[in-house]
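Below, in structure tokens: the form predicted on its own, a single chain.
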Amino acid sequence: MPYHLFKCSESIPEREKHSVIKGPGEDITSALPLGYLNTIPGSLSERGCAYCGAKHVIGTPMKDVIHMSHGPIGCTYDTWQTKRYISDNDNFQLKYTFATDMKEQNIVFGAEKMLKKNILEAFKAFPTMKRMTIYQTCASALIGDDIGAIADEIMEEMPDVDIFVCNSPGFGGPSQSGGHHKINIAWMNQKVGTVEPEITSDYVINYVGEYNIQGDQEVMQDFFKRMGIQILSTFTGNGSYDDLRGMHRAQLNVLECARSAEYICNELRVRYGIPRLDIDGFGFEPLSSSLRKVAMFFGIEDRAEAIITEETARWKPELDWYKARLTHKKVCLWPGGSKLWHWANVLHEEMGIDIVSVYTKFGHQQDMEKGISRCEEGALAIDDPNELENMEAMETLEPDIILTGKRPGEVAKKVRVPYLNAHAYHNGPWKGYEGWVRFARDIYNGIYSPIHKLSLLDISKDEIPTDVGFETQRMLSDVNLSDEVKNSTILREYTGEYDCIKGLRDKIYPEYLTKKVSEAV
């Protein structure tokens, strides 16, 4: 396992053990970089803070909530609308964000009175919203404002409202992952068990670690509803505040993103005895395996198999069309945490893509373990990279595309490397069978867009070709394909709707009799 010290980081020699190249025959015992440590001084990290991890990642996707940040306006602005956490209530949580806008005088004299005033103003401005979350920031934490006491005062004065307080200041951990942990445990301690939910099925789950990025939650919800499974709550994408207060009545916690939400699953198991089942909604085979596992838990395997057969027959020819054109394309897989290992293996197996690098900004050691074990030999694995390391990696590896967040992605575009937004997606959803085809389509569009050939030209010194005619994606992607593949009557491009979520919201599902009703009949 050769550690890899980037040339740009030679002045920070401590960075060497945060990057490794996976050698022939190596496994995670010999190809694991250091991870989830404090950022090394001098390295310009792209990490988010613990406040961001609590509010932006987990809290904000709750749909029927006023999300209030107690701190400077910049904290709130940085975590507003940068992810497409859509909802079926007209996206209230994306349209509006709230902040107390602390100033220097508040740091000196305190800001509790201002906080109370802001809370009352927010409820008055949106009288139909009766739920609120308040997020602590570095500023309000350092001066010691008692947010919980203010929330209690408001709830005593306004009995019809409920407020959740999350004390997760930005300095509360090495990265945003620290905030994930804090909000998980805070919700468990403050709210779980305070509402008794209505049970309408014999099969009841909490869907945990799912944030409904461009509709992912609604795609997975469709599968569960077709199996007759009730989603008691979703933590937290498209999730309802009061539904999440009733998490303690589920029979099973189905966990998607382990990095951000395994903590609440583990607490529900300890306190209420609810088992945890990890699943994966990305890719045909991982998704099929996940549906089978959930169905096996409840003894309804036939329902899962019917869905798998139907969906695979519908969408596999379209996935294979893209695979024929993406095979051996080089990708840098640079997401935040769990997508590192959700995607590493399945991108290669189901789309033919070669993963030349993986990195994580806030993942833990186990995320790197899973990711490295699932990627090919020669892959460069990096923990908490800085911007210059990203640039050097792209120059060295020459990827065809990178899958990452907006900040490193926009930098990549400046050096003529296309990227897809792995955090908020380009044209999602990407979960589900159709979603995985949409992902393949977006990768194809990114790599084979004719505009990229023009972007490589420097008009200040390069000669502009005048003998090149009009080019299309198919002209670029099909040049080396056999006639059999190009003219296949089985393989086809994506044929789904531009908005594949709208139809799910209007869908009518089969009614399965519960045991209680069956016995009564």
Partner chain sequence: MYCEVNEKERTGVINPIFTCQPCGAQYASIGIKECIGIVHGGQGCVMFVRLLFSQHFKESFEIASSSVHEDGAIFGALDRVEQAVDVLLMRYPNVKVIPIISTCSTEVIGDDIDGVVIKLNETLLPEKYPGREVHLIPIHTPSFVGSMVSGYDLAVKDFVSYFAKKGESNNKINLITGWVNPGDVTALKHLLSEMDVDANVLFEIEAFDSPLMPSGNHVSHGDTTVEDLIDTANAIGTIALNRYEGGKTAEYLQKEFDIPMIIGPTPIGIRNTDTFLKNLSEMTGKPIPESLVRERGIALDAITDVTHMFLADKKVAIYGNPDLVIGLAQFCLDMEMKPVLLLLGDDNPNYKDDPRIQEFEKNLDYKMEIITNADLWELENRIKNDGLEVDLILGHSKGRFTAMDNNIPMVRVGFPVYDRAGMYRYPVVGYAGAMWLAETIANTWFVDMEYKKNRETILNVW
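So that the term is clear: the rigid core is the largest set of C-alpha atoms that superpose within 1.5 Å between two forms. Since the structure is predicted, the reported quantities are computational estimates derived from the model, not experimental observations. Positions refer to the first chain, counted from 1.
Another form exists, predicted in complex with the partner chain; not displayed. Remarks below refer to it.
Q: Consider the chain as shown here, without its partner, and state which of Met188, Met102, Ile163, Ala379 has a heavy atom within 4.5 Å of the partner chain in the predicted complex.
A: Result of the distance check: Met102.
Q: Check each of Asn184, Asn118, Gln221, Gln214 and return the one that places a heavy atom within 4.5 angstroms of the partner chain in the predicted complex.
A: It is Asn118 that has a heavy atom within 4.5 Å of the partner.
Q: Spot the stretch among 492-500, 479-487, 465-473, 31-39 with residues whose non-hydrogen atoms come within 4.5 Å of the partner chain in the predicted complex.
A: Partner-contacting stretch among the options: 31-39.
Q: Non-hydrogen atoms within 4.5 angstroms of the partner chain in the predicted complex: do Arg47, Tyr77 and Pro174 all have one?
A: Yes: Arg47, Tyr77 and Pro174 each sit within 4.5 Å of the partner chain in the predicted complex.
Q: Should Ile12 be counted as a contact of the partner chain in the predicted complex, where contact means heavy atoms within 4.5 Å?
A: Within the cut-off, so yes.
Q: Would you please decide whether Arg226 lies within 4.5 angstroms of the partner chain in the predicted complex, comparing each non-hydrogen atom pair?
A: Although the partner chain is absent here, Arg226 would stay clear of it in the predicted complex, with no heavy atoms inside 4.5 Å.
Q: Residue-level question: is Tyr444 within 4.5 Å of the partner chain in the predicted complex, judged on heavy atoms?
A: No - in the predicted complex, heavy atoms of Tyr444 and the partner chain never come within 4.5 Å of each other.
Q: Evaluate Val65 for contact with the partner chain in the predicted complex, applying a 4.5 angstroms cut-off between non-hydrogen atoms, and reply yes or no.
A: So Val65 does not count as contacting the partner chain.
Q: Residue by residue through 390-415, tell me which have a non-hydrogen atom within 4.5 angstroms of the partner chain in the predicted complex.
A: In sequence order, Met391, Glu395, Lys406, Arg407, Glu410, Val411, Lys413, Lys414, Val415 come within 4.5 Å of the partner.
Q: Under a superposition restricted to the rigid core, does Glu198 display a Cα displacement of 2 angstroms or more between this form and the one not shown?
A: Result for Glu198: no, shift under 2 Å.
Q: Once the core is aligned, please say if the CA of Lys225 is shifted by at least 2 angstroms between this form and the one not shown.
A: The answer is no, as the C-alpha of Lys225 shifts between this form and the one not shown by less than 2 Å after core alignment.
Q: Fitting the rigid core first, would the Cα of Thr128 be found 2 Å or more away between this form and the one not shown?
A: Shift of 2 Å or more: no.
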